[in-house]
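Considered here are two forms of the same protein chain, supplied as structure tokens in two stand-alone entries, structure 1 and structure 2.
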Structure 1
């Protein structure tokens, strides 16, 4: 089941991936000085490069995220009080303003990269198995696994509905017809979902289902997974040192 080649990411135990992603996110979120975010930003970048992660897949995400940050910076910088760094006409940019925007950009990119590199490269059912074995309540994992399964089913269902709409010449515009069509589409999608839920619940009851799933995949923790955790510990230590060094 688990594809384990030479690729450092693919050969990583899903549990180690979840721990690394969550740990790096925690480090990045807790950092209070721009410099201490840097380890949390560099780690996923280096790991991604060494694993030949297809970074072009993140192009749109990166543009969207940093475009938003640019907008936020433009609308925020003139309003942060404090000692002035530079004046542009009537607008003066302050040091606290620069630090606010800098932190936002560094943290945002670090957090999104950590999640993308360690988690988006993994099959989502593996995420469920990893969470279950890391002690997340089985009921929650069962819910997550069902959602992963049904997203596919409903996307197919929604695709069929959209195809049927297009076959009848529907083009979305900002008008009452579009709104009405989408509303009925949403209603129909939820109706089908709820009716499917009834059928599934009945079928599961017939089979004596208790609401939990048995884990069907075996995960193998290897020495290199422990090495990954050591890397995470090192990054955390680096962050703490940068944060509190004299």
Structure 2
């Protein structure tokens, strides 16, 4: 048996993976009770463990994401009215504020895990092909595929610009010169990106590109894909039950 047959994710139809990721993200975003978000968080986690997903790749992203949640909590907790839990000087932390922070953390991690588990290991042409077959507009698919393909190019360009700035003795500080330098860097990166995009568009037209991306494999819907969709329906039903139970 090959690796694809052993991996439940790689054996899935790309359309099923897109539907599962979109469904989990949708129900997690619409949930109102913290306990109802737990199934949307555990489902991609269990799937990733069964598929031996390299979770260490998500460690740094998860740390930054939860750091953003902490920053949002510090900016929102003092302004949420309700019964007070603790008071720190002029700042009062309320029970509704804690519930809001918990919902942000649970929902954010559920969204990131769902997209990472079901979509990050998929080849970009297969993702574009699946979106097109699901009825997503062709222009949107082409735009998204271009972003996926060339975001690494922009990161490399930004890295070269930062290296050049450090070679010239630039050291970021909290002052006006640093802000001005970063603003000029963003402008230069935008202009270089525009020039590169024009060259790439001209090269693609010379090669006969008509706005469509070819997939590397033919899509075949199997019974196991239907089983995955039924699993998604069961998870959604469980979340609705947890949401509406007395």
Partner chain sequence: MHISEGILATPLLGGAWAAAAAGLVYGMRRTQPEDMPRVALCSAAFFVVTFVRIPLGPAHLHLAATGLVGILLGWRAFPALLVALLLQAVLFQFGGLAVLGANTVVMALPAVGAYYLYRRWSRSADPRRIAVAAGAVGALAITGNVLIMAAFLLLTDRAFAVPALGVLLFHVPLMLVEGVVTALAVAFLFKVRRDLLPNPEGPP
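Keep in mind that this is a model prediction, so the values were computed, not measured. Residue numbers count along the first chain shown, from 1. Whichever C-alpha set is largest while still superposing within 1.5 Å between the two forms counts as the rigid core.
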TODO: Name the structure that is the form predicted alone; the other one isn't.
DONE: 2
Task: residue 146 C-alpha moves between structure 1 and structure 2 by 2 Å or more, core aligned - done: yes
Task: Shift of residue 125 between structure 1 and structure 2 at or above 2 Å (CA, core fit) - done: no
Task: Core-aligned C-alpha movement of residue 202 between structure 1 and structure 2, 2 Å or more - done: yes
Task: Inter-form CA displacement between structure 1 and structure 2 at residue 85 - rigid core frame, Å - done: 2.3
